[in-house]
Structure formats: C-alpha cells, structure tokens
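Given next, in structure tokens, is a single chain: the form predicted on its own.
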C-alpha cells in the first residue's frame, strides 16, 4: 500500500478517535463549574449531586483521553518525520506548553475534584473546578493554535529548507485561530452537553431509578438535564454564525477549499447555495442538487449577484478531494440542524412549569440517547473536511503532505501499525464504554 495514504489513515483514525474524549471533557468541565458555582452560592444538595456525578464521569473520560492522546506525538516520528524536521520549531513549543501547562493544571486539580470534596473548603473546591475548566480549555487553545497555523501559517521564516519560528505571538494568534477556537470550543460544549443529557436520559429511563424512593436523585437528574439542555441549545444556535465566520475565513485564505466545500466548479455570478447533492468531481458537477438560487453569493458578499470563484480558476493538482469534503461539510451542516432540534425539545421538556414531568416522556428520552451521537459526528465531519480540504498541503503553501512522511518508510510497516492501532482503539472503546456506564449507573 501507498505509505503516504496509510500514514494519513493511521494519523486520521488516531486523532479522530482521540478527539471523542477532549470534546466531551470540555463540555463536562463546563457543567461541573456551573453546578459547583450554583452549589457554592445556594448550598442546594441537588447541585452538589450534579457536580459529583459529572466529576465521576469526567475522571473516566479524562483518563481515556490521556490513553488515546499519548500516542499522537509518537506518530510524528513514526510516520511524519519529514514534517517534524521541517516544522518542529513552531509545532514543538505549542505541544510542550499544552503538556506542561494545560495538562498539568487540569490533571492536578481534577484529583482535588475527585477526592477532595471533604478535605478542602467550598471556595477552594470551586476554584479547583475553575482551574480544571481553565486547564482543559488551555489545552484546546494550544492544539487549535497549531492546527490553525497549519492552515494559515504566520510568524515564521524559511532557513535551509526548514520552517523557523520568528514571532511566537504571530504564529500562535495566526489569521484563522480566533474564529476556529471559538467554533471548536462551542461545538465541544454541545457534544459534552449532549453526552451528559444522554446519561441523564438513561438514568430517568432506568426502572430501578424510576421506582427508587430517592426523589432527590431524580430531581437532581432533571435539573442537570435542564442545565445541559440550556448550554446545548444556546451553543447550537450560535454555531451557524461561528461557522459562517469560519467559512468566510476559509474564503479569504483558502478559496480553493471554499469552492470545494460549496461544490462550485465554475465561476459564476449569482451562485446558488447547495444544501444537498451528490458530488461528481470527475465531471465537474453536483448531481440532484437542492439549492437556494443566488444564496451563496448573498452569504459570501451580501450581494445576490456577486461573482463566486469556482474550482476551474485553480490548478487541478491543488484541488482537495472534492467529493469527500463536499460530503462531509454538508453532513456537518445537516447534523447541526439535528442538534438544534434535539436541544430545543430537551430545553422545552426539562424547564420548570412543563406540562409533564421529564421522567414521564419515555419516548423523547429514548430518542435523546442515540441523538447524542449527532454533535460528535458533526465535529468529526467538520475536522475531516478541514484537514482533507487542506490537501495537498501539510502546512498550507509551505510543506506538501508527500514531503512530510518519514523517509524510507515501507508500506508494510505502515500497514502493520495501522492495523495494530485500530485493534487497540477497538479495545479502548469497549473499555471506555464499560467504565463510563458503570460510573453512570451509580446515579446522582
């Protein structure tokens, strides 16, 4: 097999599986912080129950996030030695800061959340919740910064064929970083909130919990659902605006990716906004398109008759895999709509004054559990589109992907590591599910 293709598949699978855990962590950290803040202000037992339950789940998710994330730096040496040699002066410091600062902060104070409830003051416990929240989001800050630099490199110079860091601030706060960070974090909050709502739905559907005399536990579960639904709905409504801002950023810096996202093969005035279609890059068309006439021109410029550049204006060797990123982009947008709808009904049914108790809405709770997959799939499709859409570049405009692979790497070795990693990840997925469910069954 082609070692470049296998190396990309191995890194993509590793990163895609690992990313399930950080996005959950970001959302759960927010829920812990808000619940602990409410408990600190009012002393209500229900908020402490929510905080303790979420912390218990967070500890498991965080542990598996570490297990799946530790391998990623080693893959740079295994498969991406060329990239590491050329771009290590930029990428290395950011990954080091993420490990030494963000990871250390998060892990140290998560231990206090897990074991220190009765050993520290309420104020210190709340501060620990904030520092876990801060540490997890600092981690996201550095990782998204590195990824954004690969999309819009800045603060560098080329010396002896290598990328040299010349301005850390410019490289860190590169042109695409700001909106990408906000888009990523808010999307992670949606995922974590949906994950929490699915756990609450499972608890409310459980016959043992429903028949138990502990009404306080059921009340805390419903209250936690309401808080998570509020987070999910507000962020889901915000997502289209952040997504539009990021697409406008792509249009400025990577117009060929934007044309592929939107399925525009030929430049035209009054370009339609395609909501659905089957891409056929070989023949330069979208089959069975459902579109809004002049919608894309209106969104990109405010003028429904403005000209939109098509893929024909760019060398074909610079095109990303159009069929893949058009599809993943539109799946992401569709799933975002599912998130808005599910979050709206969760918010409606869990609010105070609802006509029926949340626990009695068994059909909705049953649907909500698989619906929790929607934001995770949307996040994964979004990242697939962003990363594949950067091809054929590892660092846009600077380092080709083919030049980033470890020299002399044979296809057999790459294939072996790919298979080995997949088998390990299957095992980790089973273990993660078992540990999370075991922790959740203890209830609130």
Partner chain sequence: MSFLAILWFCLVAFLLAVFAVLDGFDLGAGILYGLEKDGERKKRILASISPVWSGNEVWLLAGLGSLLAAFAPAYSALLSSLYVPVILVLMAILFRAFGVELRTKTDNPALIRLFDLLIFIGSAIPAWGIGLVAGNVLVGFPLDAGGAVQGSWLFFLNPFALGTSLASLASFTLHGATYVALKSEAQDRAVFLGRSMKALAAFAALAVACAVASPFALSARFASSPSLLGFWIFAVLGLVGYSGVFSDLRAKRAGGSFMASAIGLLSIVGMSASLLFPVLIPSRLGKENGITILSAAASDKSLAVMLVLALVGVPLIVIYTIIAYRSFRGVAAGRGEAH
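Positions refer to the first chain, counted from 1. These numbers were taken from a predicted model, which means no experiment stands behind them.
Quick note: we don't show the form predicted together with its partner chain, though the next part is all about it.
Interface residue among 112, 182, 238, 338 relative to its partner chain in the model of the complex, by the heavy atom within 4.5 Å criterion: 112. The partner is absent here, but in the model of the complex a heavy atom of 89, alone among 89, 186, 234, 291, sits within 4.5 Å of its partner chain. In the model of the complex, its partner chain lies farther than 4.5 Å from every heavy atom of residue 401. Within this chain, residue 162 lines the site of its partner chain in the model of the complex, having a heavy atom no more than 4.5 Å away. Contact check for residue 125: a heavy atom falls within 4.5 Å of its partner chain in the model of the complex. Proximity of residue 108 to its partner chain in the model of the complex falls within the 4.5 Å heavy atom cutoff. The stretch in contact with its partner chain in the model of the complex, judged by heavy atoms within 4.5 Å, is 64 to 72, chosen from 392 to 400, 23 to 31, 377 to 385, 64 to 72.
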